Ligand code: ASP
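Have a look below at one chain only, the form predicted on its own, in C-alpha cells format.
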Amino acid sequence: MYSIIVHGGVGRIPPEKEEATIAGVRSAVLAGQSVLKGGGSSMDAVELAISVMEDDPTFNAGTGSVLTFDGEVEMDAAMAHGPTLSFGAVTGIRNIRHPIALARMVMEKTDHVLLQGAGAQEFARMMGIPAHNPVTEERRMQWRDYRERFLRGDAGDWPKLRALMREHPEFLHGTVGAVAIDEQGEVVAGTSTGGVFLKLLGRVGDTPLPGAGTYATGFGGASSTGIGEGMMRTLITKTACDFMRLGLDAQGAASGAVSMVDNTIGTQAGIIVVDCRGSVGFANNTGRLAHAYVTSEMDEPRVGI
C-alpha cells in the first residue's frame, strides 16, 4: 500500500497557465509514485515530487519563486517525518535549486529543526550545494508591475496589500507540497515556497514552521497553502493531524481543518492530507487548488485545479 498527493498552491490560475499547472502537478505525482511503486521511502518520494515542482517555473517554489519588495528571492521549505516527529526546515534561503533537499539535510544531518538566512546559506555551502539563480524574467516583470502599483498608492500598507492579494489571488498561487505514505507505513509531508509577492525582506511564512504549513505524525501528514500568516495563527496542519489522531480520515481532517480556518479568521487556505491508512484528502476555500494524487490501487493519477 502506498499513496501520494501533491499541491501546486491556491489562488487564481490564469487560463493560459492551466495546462502548465495540470502538467506540473501530474509530473510531480508521477515522479513520487515511481519511488513508492519501486518500494522506496515516502521521504524520497516527497523530496522528488517537490523537486520536480521546484524546477518548474509555473510554480512559486525554487526556480520561478516570487520576489520580495526589494527584488530578491527568499525561499522556505520543510520536511516532516511522522513516525519520529522529526522536522527539518530552512527559511530565507537564496540561490539554490532545491530548498526541499536542504530542509531534509537539516533534519537528517543536524540536531536542529530550522535554519534561517545566512546560517542556512552557509549550511548549504557546507553540504556542497551549488549556487543557482531562481529568478525568472517573468517573475521580474511581474515584480516591476506590482511594485509600481504599490508605490502609486494602490496598496499603501500591509492591510491594503492583503486587500490587493484578495483582489488578485494569483499572488498566492504556486506554493508546492507533497504528502506520502510508503509500503512501510511511514508518512512524510513536505512544502516549498517563495512566499508572497512584495513581502518584506526577512518575512517568514508558514511553510517552515511545524504545525503551520507542514506537519506529520504517526496518524498522518499535511501540507498547506494560502496566506501564511493565517496558517501560522491557526496551525492548520497540526489541526489536521490532530483530527486524524481523533479518528477522522484524511478527507475529514482536510475538510475540518479548512472549516476551522473559515470559522475563526476566515483567511484563504488549502490543504492536502494523507492518513496512516493510506487515504488521501484535500480541501480549500479558494477558487482553485492545483493538486494530483495516486494510490497503489489506482491505475492513473487524478488531477484537479
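Residue numbers run from 1 along the displayed sequence. None of these values were measured; they are calculated from a predicted model.
The form predicted in complex with this ligand exists for this protein as well; it is not shown, and the discussion that follows is about that form.
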**Message:** Test of understanding: in the predicted complex, would Val196 fall inside 4.5 Å of this ligand by heavy atoms?
**Reply:** yes
**Asked** Heavy atom to heavy atom, is Arg139 within 4.5 Å of this ligand in the predicted complex?
**Response** no
**Asked** According to a 4.5 angstroms non-hydrogen atom cut-off, is Pro134 in contact with this ligand in the predicted complex?
**Response** no
**Asked** Is there a heavy atom of Val188 lying 4.5 Å or less from a heavy atom of this ligand in the predicted complex?
**Response** no
**Message:** Quick check on this chain: which one of Gly88, Gly82, Gly228, Gly92 has a heavy atom within 4.5 Å of this ligand in the predicted complex?
**Reply:** Gly228
**Message:** Among the candidate stretches 180-188, 110-118, 220-228, 93-101, which one is within 4.5 Å of this ligand in the predicted complex when only heavy atoms are counted?
**Reply:** 220-228
